[in-house]
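Shown here is one chain on its own, the form predicted alone, set out as structure tokens.
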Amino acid sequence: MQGSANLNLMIKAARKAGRSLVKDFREVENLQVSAKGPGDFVSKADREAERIIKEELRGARPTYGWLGEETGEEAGEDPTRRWIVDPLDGTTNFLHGLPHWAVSIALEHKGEVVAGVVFDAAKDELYYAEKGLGAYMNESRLRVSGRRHMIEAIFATGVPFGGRSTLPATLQDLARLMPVCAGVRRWGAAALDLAYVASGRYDGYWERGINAWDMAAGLILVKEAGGFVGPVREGREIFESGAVIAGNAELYDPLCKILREAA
């Protein structure tokens, strides 16, 4: 796909941060790690990746706003545009030597995500999408799966850890969904869960208690690959509620029905 200047900038930043993370991932045992909260860790590698991305993006677009997992929110001179960045989605996987983590970068314009990049540096899979131009992985066009029956479908979610308040609701979701589908996966990286829905590897995904930077880029990947996204509770904004459902065209509605009844 011939992307815009902004998308090309995002891809460049994601690849640069990804190279830095891969180098640290090879020496994961030596990383200096500090506790950010129960079950939620941040490493020097994580902070360095965000520094690289911020330098690339804000250096080229200094008027855009910023929302990053590690450095928080900063207003820009241009109130209509904002970068939304997770420099290392799947930090716990990274720190345990599990090669399932990603760099996630999204561009928001007037409250809508218009471009997204998710880079799985460990597998060299670059997912990217721009509004109206489709979704891609490396050079291949992405389409959501064509499965039509719940019993054939695999879904993904994030199971809360460390005593988070959303655990009871998520367990209820699982109790309702697992008997009627082919399985549920919990791989610990929301950006990749959404990228896998976009690529047809998963048929759907949901999660409660999720941050904007975890899902922003993944949402446009799913939409541009022909899928649907929405909040768990109807009438709520996805970012505001921190709860999202995504799925292919055939299974999105039945997935919503199960999860919203549970809610």
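One-based numbering along the sequence shown. Note that the structure is a prediction, hence the values are computed from the model and not measured.
Here the subject shifts to the form predicted together with a small molecule, a form of this protein not shown in this document.
Kindly confirm or deny that Asp86, Thr91 and Gly158 each have some heavy atom within 4.5 angstroms of the small molecule in the model of the complex.
Verified in the model of the complex; spot residues all in contact, yes.
Among the candidates Val144, Ala129, Ala106, Ala189, the residue which, in the model of the complex, approaches the small molecule to within 4.5 Å (heavy atoms)
Exactly one listed residue reaches within 4.5 Å, namely Ala189.
Verify the contact flag for Ile238: yes if a non-hydrogen atom of it lies within 4.5 Å of a non-hydrogen atom of the small molecule in the model of the complex, no if not.
Close contact is absent here: in the model of the complex, Ile238 is far from the small molecule, nothing within 4.5 Å, heavy atoms only.
Given that the partner is absent here, does Glu224 sit within 4.5 Å of the small molecule in the model of the complex, heavy atoms only?
No, Glu224 stays farther than 4.5 Å from the small molecule in the model of the complex.
Verify the contact flag for Leu67: yes if a non-hydrogen atom of it lies within 4.5 Å of a non-hydrogen atom of the small molecule in the model of the complex, no if not.
Taking the distances in the model of the complex, the answer for Leu67 is no, it never comes within 4.5 Å of the small molecule.
Does at least one non-hydrogen atom of Arg164 fall within 4.5 angstroms of the small molecule in the model of the complex?
Within the cut-off, so yes.
Stretch from 209 to 217, 230 to 238, 194 to 202, 50 to 58 whose residues place a heavy atom within 4.5 Å of the small molecule in the model of the complex:
Among the candidates, contact is made by 209 to 217.
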